[in-house]
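A lone chain, given as structure tokens: the form predicted on its own.
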């Protein structure tokens, strides 16, 4: 069974159809830069373009980098503040003429990894950390998602953790892998002390370069399987699970 998954990020919006029984993309990933400013109308146009590109008419899974409840956006730290309080599922659905299932972007990545990736079959507490524009987290207990944890915003050295250790910080401050890994390790130690996970999965595009920084970390971690496609796959999985129960 195939569903369209769309992943909204701070720099790009991308989508593909996904075979949910395997997590495999069934079409080339189509990516469009995130509009700036990232206003709701501008992003709705991009979402509709992605749907049209794939000539898709069924229910769509779509991620958002913030807290999402019942399709409504409650936080939008790295995007336009006009998203807060807006029903994104309604906005996108009306513009693209499809039903939308919205969820937090890291939660979607976590679903992909738990169903078909590095967390498949793992019980206990599993924490996924996505490293990109920000730090996203997804928490699972015995395969069940605890939604909207947003643990990338815990305080480290008196500041929002992602403002010190996100992937973009390494580039903006031109940090060596070792120096950036020291910052991320400090965050990792703090967050694992809070939830005591049995498994930590590190995702986002940076995970494909895991050999550059895993050796500097105090905690054992594993690289995500789906990397930059995790949000797309997880968004499609969310639709499948919402429609099949």
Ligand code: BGC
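Treat the numbers as computed from the prediction; the structure is a model and nothing was measured. Numbering follows the first chain given and starts at 1.
Note that the form predicted in complex with this ligand isn't included here; everything after this is about it.
- Taking the partner from elsewhere, residue 77 is found to have a heavy atom lying within 4.5 Å of this ligand in the predicted bound form.
- At least one heavy atom of residue 153 is located within 4.5 Å of this ligand in the predicted bound form.
- Not displayed here, this ligand is kept clear of residue 113 by more than 4.5 Å at the level of heavy atoms in the predicted bound form.
- Remark: residue 61 does not count among the residues lining this ligand in the predicted bound form, judged by a heavy atom distance of 4.5 Å or less.
- Only one of the listed residues (67, 48, 32, 195) places a non-hydrogen atom within 4.5 angstroms of this ligand in the predicted bound form, and that residue is 67.
- Per the 4.5 Å heavy atom criterion, this ligand in the predicted bound form is contacted by stretch 102-110, the sole one of 81-89, 139-147, 170-178, 102-110.
- Scanning 154-171 for heavy atoms within 4.5 Å of this ligand in the predicted bound form gives just one residue, 162.
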